[in-house]
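You are given structure tokens for the same protein chain in two forms, set apart as structure 1 and structure 2.
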Structure 1
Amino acid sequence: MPEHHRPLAARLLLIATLVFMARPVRADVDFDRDIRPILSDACFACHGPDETERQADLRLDTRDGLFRQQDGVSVVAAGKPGESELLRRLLSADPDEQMPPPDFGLKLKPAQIELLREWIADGAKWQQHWAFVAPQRPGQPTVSQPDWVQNPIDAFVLARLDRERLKPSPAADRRTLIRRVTLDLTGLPPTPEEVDAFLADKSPNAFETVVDRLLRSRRHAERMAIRWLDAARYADTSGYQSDGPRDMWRWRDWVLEAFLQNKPFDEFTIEQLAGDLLPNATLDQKIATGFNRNHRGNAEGGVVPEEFQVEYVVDRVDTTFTVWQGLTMGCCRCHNHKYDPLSQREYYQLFSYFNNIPEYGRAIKEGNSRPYIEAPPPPQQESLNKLKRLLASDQQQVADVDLRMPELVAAWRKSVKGEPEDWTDIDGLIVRLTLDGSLENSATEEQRAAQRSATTVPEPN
């Protein structure tokens, strides 16, 4: 029978069976993985961190709130689904009691309610959100083939294969291996010469040699830097309207160099956030702070500059928090966060750090908007230094000549034969150099009279 001719009931049964089969095999209900997302999605809007929206003075985002007992009513009674008000509210047929309230427009699915029931029945183990728990190094798992394990990570790989009842694949041949590791670490295939060198290297640590070479390579640094550049919203254009050009590539190169030098993460962080505030900050440390100028710049003539000056600060807060905390903070710009333990107050505390840059909200259409520093790369800086030294020495020569000028002029005067009798350094003097080297004032009587009445420059002595 073709699929579309099946009776509806049979099709529904088929769908139900498929849904049932598709449900993942689960070990225990895990609060972090299974329960918190449901509460966050359906309940935190009214029972979460935002006290201005909180209903029934009930928090379901904290342990105290979830296990609250009040007037003989337990929100969650561990091990006792039947005595848990939370579950009663989810199962209630009375619209005045149902949670979430029907007008909220979101209903829990039966499978979600069942998960909550299971969790309570299993003892309602609560966990702090994993993102706020410092990671701990787990012990190495025991595995089926300890000989296969060459380093601790292998043990985790094999433990997982064991769980799935799978055997490790045989080791790849050397050509495949160098191709994979080169693609992994640089994003590019190996050259034929690199393959040949690896095939010819019979030493026991030939593979380590390849890995070390790749880790030191510029290509590897580029591959690592790309992710950071994306996260840090790097662009050599301003992003609005015609997307005019600006120069951020000096900062890009700083990131690349940081990966190349394997700069420790704390320095990498400090220099980008506040390199200019370090004592005796170097040009590189100042360039690092370009991180904070990667935001877009609006050059539209009609914008309210103050509005966009605020937008840029918001951009810095959001990007800094997302990139370094792995948590988006943007929601509490306008109200306490609905799902994460972040307040609007904390948002503006962070905001204030970034709100002290003397910038103007309307960006310029082409080029970098103020404030900025000049950051010539080393070869340009060298040429600049050379030109500055040249200029300084030329200026010194001019100054020297200036000092000796009276003496030089006097000597020159003596050197010319037949000094004209009517010598003034003003316009109108008409001097003729005769063939025998003498000078002759060929001005007319009228012109001479005009010269005499004009201010004469004092004779140098």
Structure 2
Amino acid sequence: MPEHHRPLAARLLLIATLVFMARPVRADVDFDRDIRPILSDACFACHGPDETERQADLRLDTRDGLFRQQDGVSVVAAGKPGESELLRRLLSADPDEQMPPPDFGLKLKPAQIELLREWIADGAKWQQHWAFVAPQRPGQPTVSQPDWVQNPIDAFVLARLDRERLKPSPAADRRTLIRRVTLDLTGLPPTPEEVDAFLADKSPNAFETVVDRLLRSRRHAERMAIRWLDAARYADTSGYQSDGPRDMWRWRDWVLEAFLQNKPFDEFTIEQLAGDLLPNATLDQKIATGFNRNHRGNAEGGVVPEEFQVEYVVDRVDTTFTVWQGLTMGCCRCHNHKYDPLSQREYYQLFSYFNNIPEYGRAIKEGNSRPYIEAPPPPQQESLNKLKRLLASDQQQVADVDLRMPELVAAWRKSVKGEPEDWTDIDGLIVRLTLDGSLENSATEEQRAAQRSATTVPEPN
């Protein structure tokens, strides 16, 4: 080798050596990680969940289909690659037997076929999709520096560092520490006063005190709530073309208060999905159900209300399932799900639960569309309650006076000095009761005569 090439060759050799040393050693072949993706890409189009496209009545997306036996032939024979029809078809050179078919446009790589062979030889262990398997708490790993570990999470961090042949970073100084934890829990840096207070606190639980203070702060509740607000499609406008204003901020404040009070997650869930159905539901529990009124509302003049009534229910179904189940259910609106164990029938069963709001499909351009409730904030509610108590008190006084009215009228009649000649109200006739109880009549004689004439009833002929 020419002398001037040696430094480059040495560098390349060093890089290759380091890459080889850093390459992780592959563990046992894992069905979810290694095998299912291959089957999904190459096989599910013709042998998957879509019954309209399924060929040879064979499913490779289910355990029963993958290990099916027919006429002495096994699709997959655990531990026996040579007796597995799946592997034979993948290796076949016959265009009539080769899988995937030549016209499919996808050919497996040799490394993929080798993975399938290893999986079958190792016993063809099948796994349900990891998302539907209850997690198991792992044991705490053994690490190189046990004294460095202060809690179980540290052990897992250090185990990974050990695997990568790295050392832990030195502990952060106190000023850096409070900045990190404050940014992490609130999204904002600490104030100079908060930093000074922490630096001055020499107690052994000074850091725990800071963490407790931050967890109780409204800033922390806001940081936690914003993710939930995004997932629940919160907005104070209706969306679509008009995008007019509406008031959903009372529900937003309910979410903030829930995080601030550390409301248990089961209550958090029940109140948002069915708070108005709870016995003796409070105003707050009714406000919580605003989760299902966060959907967009179309106020365009040409909309078909019945169509958008359906769209609003679909929005509720999709959002509720995504938020609480961690699955997208939208595919099932039109057909059984291609990958997840969800059917179109189940979709519309859930649809029926949300299809019970007397909501008109065309929203109003500005303001909240019916049905809605009045939801004054606590200060306003307190003022309203005070006014209601005053009104009730006044109404009771009026009712008490009504009950005593005959008695009061009789007492008044006795107190009147003299009787009025006539109480008919005609122009120019003035009769009034003065404050001292005397009766004053300022009508003239002509007015009195006119009064008597007007009140005289003619005798019948």
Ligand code: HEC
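Here, residue number means position along structure 1's sequence, counting from 1. Not measured: the values here are computed from a predicted model. We call the rigid core the largest set of C-alpha positions that still match within 1.5 Å between the two forms.
Structures 1 and 2, same chain in two forms; the form predicted together with this ligand is found in structure 1. When two forms of a protein are overlaid on their rigid core, residues whose CA moves 2 Å or more are considered shifted, and residue 119 is one of them between structure 1 and structure 2. Residue displacement note: residue 334 has its CA displaced by under 2 Å between structure 1 and structure 2 (rigid core superposed). Once you line up the core between structure 1 and structure 2, the Cα of residue 106 ends up 2 Å or more from where it was. If you overlay the core, the Cα of residue 46 moves by 3.5 Å between structure 1 and structure 2.
After superposition on the rigid core, the Cα atom of residue 391 is displaced by 4.3 Å between structure 1 and structure 2.
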